[in-house]
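In the block that follows, a single chain appears as structure tokens, in the form predicted alone.
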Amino acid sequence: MMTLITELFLMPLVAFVIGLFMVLMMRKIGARLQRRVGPPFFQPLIDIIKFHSKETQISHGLIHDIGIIMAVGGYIAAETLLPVPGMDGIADKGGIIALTYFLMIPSLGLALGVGQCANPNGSIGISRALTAMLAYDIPFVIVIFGVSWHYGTTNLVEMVNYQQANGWGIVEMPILALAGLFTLQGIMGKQPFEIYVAPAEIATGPMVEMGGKYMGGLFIMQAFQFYTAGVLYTTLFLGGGENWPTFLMKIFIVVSIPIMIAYMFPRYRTEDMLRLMWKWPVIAGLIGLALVMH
């Protein structure tokens, strides 16, 4: 049986590797929908090596560097709170409330790093990113509260054990599960909610001053983000993972749904995202919450 220290080391490493495969899957899905071949198998890893090997790496100061560390470190810390087959990490000690706070750190770190650059395009992009976080956080908190109420705990390990003994949460809480899937689209920042990148308007937003190792860090953050989103939804509604084959199948299916939607819909404006997120997922979440509390 692995020690806690070993688990805390392996969980982020596993998340990184699987996240790279998810990035590859995103590109492959986009290519197929657009009738292209798509990148080769090792392209995500090649991109990371390419970014970190560039010599031109401009730093805008200590806060700029710390911001990128926070953006990646927030997800690394979050992985230790997400139970996976054979590894619980500190999930039975932290709970979903601590995980929710950890998931806010990457956006705040990105805001610090971009704010140090003083680039207007970056400032506009990060203001949109924080607005987007405000938009999806409200339905996300409603879903988290409803799920915790239904299971009678905020412990993710206990939630998984309950589902494996009594049935998946998506069956017992279908409306909350639907609201959670809708919110997942906003959390991942993919179209139609890709408001903070908007390359046609603000020159890629927060990434405009991120080159070399900084862009490589954001690429790594995206890999962790995909994995975290898939594992969190699977843990809350799909019974977690009895074993790695079924667990991987669940999280890849969960992530593929927002990705397919992203390539089929145009990007919304900021006010459209706020209006949409504060309407349908909030309504569905409140209805689901009322049902589980009944």
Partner chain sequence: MTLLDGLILLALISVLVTMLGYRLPVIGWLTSALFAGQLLVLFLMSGLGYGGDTIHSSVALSIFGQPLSWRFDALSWFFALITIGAALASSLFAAGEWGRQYRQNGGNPGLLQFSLALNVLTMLILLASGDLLALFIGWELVSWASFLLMAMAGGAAFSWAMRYITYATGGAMAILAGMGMVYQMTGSLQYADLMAVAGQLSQAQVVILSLLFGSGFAIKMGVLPFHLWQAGAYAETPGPGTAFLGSISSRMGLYGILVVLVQLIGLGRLIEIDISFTWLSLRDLLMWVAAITIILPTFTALRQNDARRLLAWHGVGQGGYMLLGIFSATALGSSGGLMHVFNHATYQAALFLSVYAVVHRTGTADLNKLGGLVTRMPLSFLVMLVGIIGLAGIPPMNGFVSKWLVYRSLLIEGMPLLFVASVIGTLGTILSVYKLIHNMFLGQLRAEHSEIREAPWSMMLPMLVLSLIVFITGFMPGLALDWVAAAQAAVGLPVLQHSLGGVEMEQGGLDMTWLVAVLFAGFGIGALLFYSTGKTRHVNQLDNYAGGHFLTADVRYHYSDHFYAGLMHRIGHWYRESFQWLESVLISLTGFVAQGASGFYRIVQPALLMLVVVVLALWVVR
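Numbering follows the first chain given and starts at 1. Computed from a predicted model, the values in this text were never measured in an experiment.
Absent from the display: the form predicted together with its partner chain. The rest refers to it.
The listed set 283, 25, 274, 14 contains one residue whose heavy atoms approach its partner chain in the model of the complex to within 4.5 Å, identified as 274. Using a 4.5 Å cutoff between non-hydrogen atoms, residue 214 counts as a contact of its partner chain in the model of the complex. Not displayed here, its partner chain is kept clear of residue 221 by more than 4.5 Å at the level of heavy atoms in the model of the complex. Its partner chain in the model of the complex comes within 4.5 Å of a heavy atom belonging to residue 52. For residue 133, a non-hydrogen atom is located within 4.5 Å of its partner chain in the model of the complex, even though that partner is not displayed. By the 4.5 Å heavy atom rule, the three marked residues 171, 236 and 265 all fail to count as contacting its partner chain in the model of the complex. Interface residues of 112-143, taken as those with a heavy atom within 4.5 Å of its partner chain in the model of the complex (partner not displayed): 112, 115, 116, 117, 118, 119, 120, 121, 123, 124, 126, 127, 130, 131, 133, 134, 137, 138, 141, 142, in sequence order.
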